[in-house]
Ligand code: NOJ
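First comes one chain, alone, set out as structure tokens in the form predicted alone.
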Amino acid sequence: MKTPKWLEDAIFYEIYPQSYYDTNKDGIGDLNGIKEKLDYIKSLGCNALWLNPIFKSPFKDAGYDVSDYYQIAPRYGTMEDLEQLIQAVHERGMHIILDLVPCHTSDEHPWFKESSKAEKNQYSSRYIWTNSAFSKPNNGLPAVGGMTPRNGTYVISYFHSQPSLNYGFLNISEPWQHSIDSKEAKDTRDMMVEVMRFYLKKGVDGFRVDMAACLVKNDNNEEGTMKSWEYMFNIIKSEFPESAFVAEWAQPTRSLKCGFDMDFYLDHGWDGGNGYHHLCRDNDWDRETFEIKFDNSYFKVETNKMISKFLNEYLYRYNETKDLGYISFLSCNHDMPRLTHFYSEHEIRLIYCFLFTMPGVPFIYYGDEIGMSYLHLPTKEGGYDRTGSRSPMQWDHSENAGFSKGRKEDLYLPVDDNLNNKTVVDQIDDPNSLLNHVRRLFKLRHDNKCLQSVNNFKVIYASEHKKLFIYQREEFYFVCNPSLYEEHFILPEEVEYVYGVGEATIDCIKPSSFAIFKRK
């Protein structure tokens, strides 16, 4: 399966719909609000959107608990609003992907209500049930019992309100488990294919897939889950060959091999590591006081972490998958603290220079282009300490930062009280703003084919003893020095300076600087 051609020059903008732009004054962002801001998004250089879940939901986990895949959550609008948004996106030469949640549904979904009945019916095996209300899985899977008429406990994906859909077990250990080749598991896969087909027919360009690695249970090395995706992609990509899929997996050697086009390079330092952790997420902080305990990341200027930590984990995955698809670096997402919690704006500019000049399809989270803060907020809709990265977009200095003309007390989340210059109106015409730094980096990608998604990454210099890092993408050289010391270097050919942060010449780079050179 080939990756869609449009991904070659794609730059994605992630939108948390609740918090982007409210057009009906109810304090919650909506689809029409996204449509109104498309020209702004395109002006950044972003030509693709990823929307967090917009399906009907009780919102016990911000929409990642779907109660009907075929209805739009009323807070966002209607199916007609989505269709009009898709049309407006395409009229601008842009693309749009939705967030697919295939591992579980809400416990308010009609399928689960039927599955919970004592009497056997067509949905009894749509979820994973043990054979007794007093029996929980013996393999460590979380399960809930005593809440339904059915004599059994049901496996959950995360919160108790998220019952796991039944994609089968790779290794059967108990009589109530189904194999991945069973009719029950196949029915679940076919059901999810139908959901994808429904929206792709409406013009959606693909999906970001939540918890993509977690379909099959008792799944050694995620082999069963990979087979499940291969089955689904064989069907859906034969019908929609230009549809694009990005996995929340953070293991491209698995996700890209089973048919995904992109894999998010997330902070999975706890899972053997994939490199991203070392760049700008090797830190810890107190979830109650929000105080930072330590930061040992490569891009923290004061640290002694070398780029080799990243390369030791990244290069293997890159080389194994560079002919299969793309590794996607991202500034942040709805599940992580914004970078502003740990870094100065200058450091963030260095990080963006790196993230947005690497191969693969990049993603930027709404508000990161203006340096929005990570806020200390009470939990909202299952967000807990993730809530602080989901505050309303800061458009201007009018009421509610231009997010909503509704009452302040009705806002989905409070707006940052300390806006400073972190609004679009402050930065859009300021050539030295963070927003325009992002614009220049994205323009550089669009203007140079070799800086788009193509996998043409080559290490020129990396050391166990210096933070200096030099890499090449065809005629471009990138010199990164997030340290306290000036560094000298020699490039293989004659070059000229193109863009950067800090100070550099063709053979010397100052502390805390990043320079982009191009072959003459």
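All residue numbers are counted from 1 along the displayed sequence. Computed from a prediction, not measured in an experiment: that's the story for all the values here.
From this point on, the text means the form predicted in complex with 1-deoxynojirimycin, which you will not see here.
Using a 4.5 Å heavy atom cut-off, indicate which stretch of 409 to 417, 328 to 336, 220 to 228, 118 to 126 touches 1-deoxynojirimycin in the model of the complex.
Result for this chain: 328 to 336.
Heavy atom within 4.5 Å of 1-deoxynojirimycin in the model of the complex: which of 305, 322, 386, 440?
Only one listed residue qualifies here, and that residue is 386.
Could you spot which one of 114, 396, 210, 108 gets a heavy atom to within 4.5 Å of 1-deoxynojirimycin in the model of the complex?
Spelling it out, the residue with a heavy atom inside the cut-off is 210.
4.5 Å heavy atom contact, residue 61 to 1-deoxynojirimycin in the model of the complex
Result yes; residue 61 sits at the interface with 1-deoxynojirimycin in the model of the complex.
Flag residue 390 as yes or no: does it have a non-hydrogen atom within 4.5 angstroms of any non-hydrogen atom of 1-deoxynojirimycin in the model of the complex?
Result yes; residue 390 sits at the interface with 1-deoxynojirimycin in the model of the complex.
With the partner left out of view, is residue 345 within 4.5 angstroms of 1-deoxynojirimycin in the model of the complex by any non-hydrogen atom?
Because no heavy atom of residue 345 falls inside 4.5 Å of 1-deoxynojirimycin in the model of the complex, the answer is no.
Contact between residue 255 and 1-deoxynojirimycin in the model of the complex at 4.5 Å, heavy atoms?
Heavy-atom contact with 1-deoxynojirimycin at 4.5 Å: absent for residue 255.
Heavy atom of each of 104, 158 and 162 within 4.5 Å of 1-deoxynojirimycin in the model of the complex
Result yes, every residue of the spot touches 1-deoxynojirimycin.
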